[in-house]
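Only one chain is shown below, in structure tokens, and it's the form predicted alone.
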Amino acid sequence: MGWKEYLLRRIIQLFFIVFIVLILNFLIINLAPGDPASIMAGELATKEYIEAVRQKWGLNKPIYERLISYVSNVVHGDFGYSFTYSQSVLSLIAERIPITLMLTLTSSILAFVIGLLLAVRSAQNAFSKEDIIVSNAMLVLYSVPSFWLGLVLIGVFGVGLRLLPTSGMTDVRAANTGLLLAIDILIHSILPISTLTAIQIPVYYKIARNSIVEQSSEDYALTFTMAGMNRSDLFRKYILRNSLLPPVTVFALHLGYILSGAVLVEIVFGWPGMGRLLLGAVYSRDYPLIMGIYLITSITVAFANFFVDILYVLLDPRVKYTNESS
């Protein structure tokens, strides 16, 4: 199978997966227990008013009619309107995506770089006392829940030392603009970014370290070593390069969850991103908003997997674009 055929097949699979997710997403959410019309109308609302709300948002129609209408609207780029905000779902999500990406993308890059640097240091001194200490520390850090670590950082740096703000994205008491606003946002993001970075470092460290140790024991590495090749040149040109594929793959896969991977941290730090938006939508049974967030997240994950498949072929010439089922 040629490159063009492989790419075309993967694109068709991608659209098929997104379509299936679109349908399942709608059915699971709309068939879940709970009546959004009753929640929107309030506890003291009459049956007539609840029925009027249900009719206004089309919740009185059969499930199959709503499904067909929803799929047709999404295909045309209309994700519907939020029950809670009376605003376009796409516009709401578009407002929150940059805010979430500020945390998730920054922390992912930092975690990848720090984890890789620590892995290189440990792997070059594999099974030494330093390696054992770092590996055990990473194991402990990997076991720590993100929300607990966030609360600890708040207690130490926010409440105890009073060095950093503990919640929100900006100081609501200050009317900062321009550069001062950017600095204010940066200061407020330190603790949540630090939390997300810390819980991701062990993943990249473990994968990269194991990959480097494995590559160092391969036949080509032993052959070059016995031939007198400089150890640093061997490591830089061959071992490290061949070891990068697993951590790069994990990094690309993590990018698929970049819009939904910070829900708990956003809640702990009061960060107004996608996580907070999703939590509010769940509490208010805001079906269009929940479906929109889940669909955008699913599309991101699907494209991340697609990107990883293409990346494998480009980075490793040993990977052939053949039919996996054969």
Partner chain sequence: MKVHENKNLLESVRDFWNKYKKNKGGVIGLYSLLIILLVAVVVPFLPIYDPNSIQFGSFMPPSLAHLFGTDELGRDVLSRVLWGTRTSLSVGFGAALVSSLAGIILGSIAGYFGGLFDEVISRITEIFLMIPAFFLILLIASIYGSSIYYVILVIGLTTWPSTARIIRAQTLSLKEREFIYAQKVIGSSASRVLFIHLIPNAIQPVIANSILQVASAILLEAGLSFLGLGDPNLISWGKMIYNGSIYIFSSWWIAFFPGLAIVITVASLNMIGDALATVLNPRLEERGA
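Positions refer to the first chain, counted from 1. Keep in mind the model is a prediction, meaning the values are calculated, not measured.
This next part talks about the form predicted in complex with the partner chain, which is not shown.
Only one segment in the set 189-197, 107-115, 242-250, 139-147 has residues whose heavy atoms sit within 4.5 Å of the partner chain in the predicted complex; it is 139-147. The partner chain in the predicted complex is approached by A32, whose closest heavy atom lies within 4.5 angstroms of it. Contact check for N73: every heavy atom lies farther than 4.5 Å from the partner chain in the predicted complex. The partner chain is not drawn, but in the predicted complex it has a heavy atom within 4.5 Å of S217. Using a 4.5 Å cutoff between non-hydrogen atoms, L151 counts as a contact of the partner chain in the predicted complex. In terms of contact with the partner chain in the predicted complex, the residue from V159, M226, I183, A94 that brings a heavy atom within 4.5 Å is V159. Taking the partner chain as it sits in the predicted complex, the stretch 248-269 comes within 4.5 angstroms of it through a non-hydrogen atom at G256, L259, S260, V263, L264, I267, V268.
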